[in-house]
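Only one chain is shown below, in structure tokens, and it's the form predicted on its own.
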Amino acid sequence: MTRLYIPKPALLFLAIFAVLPLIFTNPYQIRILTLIAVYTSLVYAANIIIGESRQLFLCMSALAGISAYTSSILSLSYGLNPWLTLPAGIVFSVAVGALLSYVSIARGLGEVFVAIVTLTFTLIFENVVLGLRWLTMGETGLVTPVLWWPFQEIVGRRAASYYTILLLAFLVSVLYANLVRSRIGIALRAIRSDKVSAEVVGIDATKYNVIAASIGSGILALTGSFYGYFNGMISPGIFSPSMDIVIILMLLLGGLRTMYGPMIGAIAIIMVLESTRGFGQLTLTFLGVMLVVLILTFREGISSIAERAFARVADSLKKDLV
């Protein structure tokens, strides 16, 4: 049996963010901390789909939204406990993500065409939500049922929702760390390096890419549902293409295929978004410019650069000691 690996960055992230609500007690500050935890999970999902399997999914917001809408609508329509409808939303999103991945691979689509297909799917999702106004409330948004958060009677609803989502972000980071060390992670690295050679030695590229898309979609689904219940409402504006831009920006800023990257990227971009909130629609323009700059000049991300810098410092210290 493979031993469970719990990375130190994940433990440090959990420890620091578990203490922060004791210092920042304002509801607005708790919301910012919650958003960081939400986007950390979303960026890890992107790291699996985009980073590890090189499938440029631009429908991550739609996959998160499908789960949130499915769970909420089932709960409201049939009077079910939201915890009972969460699996249905997750299964729906995973099925869609796996299908998009399989069709893209089967049709031999390159990264650019995968991006076009998935972006089109995001627009389809948005129009379906707007069109089924009698069911989704359209652009007005759907008020979600009240979700019982663990220990909310003890610490309060706001803190309970925050710690539940923080625990999810921690578990997702542990999942990612173990995934890249597993047979799936090894297979994905081989496919990334040389797909033809990987298939020659018996690695099924289609199978492993669909698995990666399914795992990432599952994370997006659960996180999206929690985000919707935390907000108290869901709408096309929440799960819009701009969410995909933010997630990819966080991933590139933090660093593709890195353990620290999603945490660093989520913290940095959420702080930027909150600092520039007063600029309105110009904020999205600013993010677009930042994304282009990162793609052209800063592809490795902060995490990779920091790791190399620390390695150089460590080497120089060793030489001085010798």
Partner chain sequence: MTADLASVALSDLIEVLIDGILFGLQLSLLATGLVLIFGLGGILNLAHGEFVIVTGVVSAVLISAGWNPALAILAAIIFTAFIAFGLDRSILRPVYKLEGEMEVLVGLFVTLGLAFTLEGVTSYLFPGLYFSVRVPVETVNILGLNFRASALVSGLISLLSLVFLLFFLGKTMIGKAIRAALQNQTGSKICGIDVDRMRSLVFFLGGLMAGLAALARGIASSVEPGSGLELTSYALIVGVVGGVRSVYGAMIAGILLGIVNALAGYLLGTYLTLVILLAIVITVILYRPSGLFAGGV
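Positions refer to the first chain, counted from 1. These numbers come from a predicted model, not from an experiment.
Here the subject shifts to the form predicted together with its partner chain, a form of this protein not shown in this document.
Looking at 64-72, 284-292, 39-47, 261-269, which one sits within 4.5 Å of its partner chain in the predicted complex if you count heavy atoms only?
Checking each option against the 4.5 Å cut-off leaves 284-292.
With the partner left out of view, is Y28 within 4.5 angstroms of its partner chain in the predicted complex by any non-hydrogen atom?
No - in the predicted complex, heavy atoms of Y28 and its partner chain never come within 4.5 Å of each other.
Applying a 4.5 Å heavy atom distance criterion, does V117 contact its partner chain in the predicted complex?
Yes.
Just to confirm, L56 within 4.5 Å of its partner chain in the predicted complex by heavy atoms?
So L56 counts as contacting its partner chain.
Its partner chain contact in the predicted complex: S242, any heavy atom under 4.5 Å:
Yes.
Counting non-hydrogen atoms within 4.5 angstroms of its partner chain in the predicted complex, say which of L76, A88, V128, L167 makes the cut.
Of L76, A88, V128, L167, the residue with a heavy atom within 4.5 Å of its partner chain in the predicted complex is V128.
Of the options L135, V180, V143, L109, which one has a non-hydrogen atom that comes within 4.5 Å of its partner chain in the predicted complex?
Checking each option against its partner chain in the predicted complex, the one that comes within 4.5 Å is L109.
Would you check whether its partner chain, in the predicted complex, lies within 4.5 angstroms of a non-hydrogen atom from each of V103, L123 and I248?
Every listed residue reaches its partner chain in the predicted complex, so yes.
Heavy atom within 4.5 Å of its partner chain in the predicted complex: which residues of 168-199 qualify?
Sequence-ordered list is empty.
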